[in-house]
Ligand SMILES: C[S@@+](CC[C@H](N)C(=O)[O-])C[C@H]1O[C@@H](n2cnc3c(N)ncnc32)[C@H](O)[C@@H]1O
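In the block that follows, a single chain appears as structure tokens, in the form predicted alone.
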Amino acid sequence: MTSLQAIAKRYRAFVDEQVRGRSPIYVELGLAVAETPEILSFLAGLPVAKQQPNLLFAAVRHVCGVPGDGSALAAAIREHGDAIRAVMLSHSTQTNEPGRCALLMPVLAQLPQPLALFEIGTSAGLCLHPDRYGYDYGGNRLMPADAGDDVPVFPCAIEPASVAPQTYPTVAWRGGLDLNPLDPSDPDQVAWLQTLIWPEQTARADRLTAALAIARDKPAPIQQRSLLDPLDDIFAAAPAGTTRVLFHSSVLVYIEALEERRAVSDRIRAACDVWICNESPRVLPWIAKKAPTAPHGMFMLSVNGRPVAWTDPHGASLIAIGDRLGIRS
């Protein structure tokens, strides 16, 4: 397979696995990329890690707005290719989706309290505040006791309804790491996060804005470091007696070698009491093989290396594997 064919395959997979049924314009643009040699050649001139669909479309949008169709996308790259390339090389897809907290809550609420939370790949730290957001699980709605009108409420279709959390976890400490932490008070960095939201998802963009306000008001400490570094010190500042919870979502996919991914997973598990992982099943095949076949386009939520649920990549739904979410290793 040539590099252009590999890129085309990647964009078709993006359409089929991520945006079909969620973003009609990105479906159209993704298929256009796969069928347009001019755009494929532009992408082939970038490092493989920078050829991601989300990164391309966000960079184009950042430079010249959302193209109306494939022809407009090709024209944008033809006319503004240098600027688009510069954005792609200097930025990354740090999709800081706070709606993913709706997936964490059913597990966090079961754990021995209080909790020390640590997130790998935390971006601006928005997922470090699950106890400060509202949730709508259909028949079960949770709101913080002091919630005002500005608190975001994240909808999550959950099956079965019995696994929906009834209470909030008690978070005694929170922290995270990222190669390039984003500042929720920096207008340029906030604009980039908003550009990563798919164009049609205006309600999701509004919830992001509300979550950013909470992160600005109550920032969590975020270290600039790699998950490939030693992790044995990440809970050093956490209070004694807390359950040390380490979580991540759509992060390990950026480690290309399967052997290295497994080694990092082993180090993550050793660094905490509870490891919550929300990734595509293909990223962790040794865990995915313990579960039934994944529904199309869904992520796998696992706890301490055991699959417990299928999840929407951005937190919109959770389907338990079995009739409940357990937390035993």
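None of these values were measured; they are calculated from a predicted model. When you see a residue number, it is the position in the sequence shown, counting from 1.
One more form of this protein, predicted in complex with the ligand, exists but is not displayed; see below.
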His91, Arg85, Arg225, Arg216: which sits within 4.5 Å of the ligand in the model of the complex by any heavy atom?
Arg225
From the list Val171, Ala109, Val251, Ile197, which entry has a heavy atom within 4.5 Å of the ligand in the model of the complex?
Val251
Please tell me whether any heavy atom belonging to Leu258 falls inside 4.5 Å of a heavy atom of the ligand, as the geometry stands in the model of the complex.
no
Taking any heavy atom pair closer than or equal to 4.5 Å as contact, tell me whether Ala75 reaches the ligand in the model of the complex.
no
So in the model of the complex, is the ligand close enough to Ala164 to count as touching (4.5 Å, heavy atoms)?
no
Does Cys127 reach the ligand in the model of the complex if we count a contact as any heavy atom within 4.5 Å?
yes
Within 4.5 Å of the ligand in the model of the complex by heavy atoms, the stretch out of 232-240, 144-152, 130-138, 91-99 is 91-99
In the model of the complex: members of 168-198 within 4.5 Å of the ligand, any heavy atom:
Leu177, Asp178, Leu179, Asn180
